[in-house]
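Take a look at this single chain in structure tokens; it is the form predicted alone.
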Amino acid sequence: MNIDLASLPTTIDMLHLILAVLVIIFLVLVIKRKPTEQATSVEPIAEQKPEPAPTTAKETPKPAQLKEATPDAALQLLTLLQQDARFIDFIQEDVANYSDADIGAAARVVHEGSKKTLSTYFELTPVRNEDEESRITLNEGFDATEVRLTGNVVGEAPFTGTLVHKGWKVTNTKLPKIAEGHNTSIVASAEVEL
């Protein structure tokens, strides 16, 4: 299949489009993972030694329990992005021989299809409601999964800084149900014209 890149519009920031789509894929992987078994400690219980009580009033944090992620939801999203945006075709294409205008034109198709897929299957809202580039203060106890501190991070909260990006969170996922026995690893079937 050949895509005529010259017939499409010519403006888009290609790098940011690709980064945004990859972030969305990884986000869906994290959101849709299902635990298959609980992670276990490396040391046998008999060899574990009791830890001394902490000398400060703060509790010591417990190590995070890791869960095994299943790839089905991520593969399903990749399939939907291929159907609506030809995402895999675009990413797998060697773009070295195309002009920036041609790449930008093709990226517009990927952008529009990806946006359609996201709006159909996910409800997204910003993590922070303040305007980007505004000064905000993060008080003690802020959710470190929602806000990533960058720059010169020293000391303890409250932190005052500039909101560089509002962030995104998924508030609802509406992926289609998968039939029993469906092979989710086939994200785009081969096409044979007779």
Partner chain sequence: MSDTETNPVEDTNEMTARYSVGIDLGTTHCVLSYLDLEAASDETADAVELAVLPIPQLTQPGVIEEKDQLPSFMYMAHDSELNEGDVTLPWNEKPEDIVGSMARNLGSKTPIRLVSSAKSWLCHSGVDRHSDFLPAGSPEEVSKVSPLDATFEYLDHLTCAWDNKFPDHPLVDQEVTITIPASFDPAARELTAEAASFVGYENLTLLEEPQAAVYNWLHACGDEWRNQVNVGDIILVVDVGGGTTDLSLVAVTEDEGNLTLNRVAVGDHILLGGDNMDLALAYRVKAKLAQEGKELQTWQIQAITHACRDAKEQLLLDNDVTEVPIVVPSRGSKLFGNTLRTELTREEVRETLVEGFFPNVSISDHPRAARRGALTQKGLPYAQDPAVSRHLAAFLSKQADAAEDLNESPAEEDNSMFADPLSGGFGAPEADSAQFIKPTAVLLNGGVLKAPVLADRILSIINQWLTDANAEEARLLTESNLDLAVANGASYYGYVKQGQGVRIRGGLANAYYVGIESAMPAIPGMEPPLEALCIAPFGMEEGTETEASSAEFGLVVGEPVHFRFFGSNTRRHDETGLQLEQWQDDELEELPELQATLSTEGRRAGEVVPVNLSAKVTEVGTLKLEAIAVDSNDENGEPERWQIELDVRD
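Numbering follows the first chain given and starts at 1. Just so it is clear, the model here is predicted, and its values are computed rather than measured.
The form predicted together with the partner chain exists for this protein as well; it is not shown, and the discussion that follows is about that form.
- Under a 4.5 angstroms non-hydrogen atom cutoff, the partner chain in the predicted complex lacks residue 75 among its neighbouring residues.
- In the predicted complex, the partner chain stays beyond 4.5 Å of every heavy atom belonging to residue 123.
- Using a 4.5 angstroms limit between non-hydrogen atoms, residue 106 touches the partner chain in the predicted complex.
- Put simply, residue 110 is close to the partner chain in the predicted complex: some heavy atom of it is within 4.5 Å.
- Residues 83, 86, 89, 90, 93, 95, 98 are the members of 78 to 98 with a non-hydrogen atom no more than 4.5 angstroms from the partner chain in the predicted complex.
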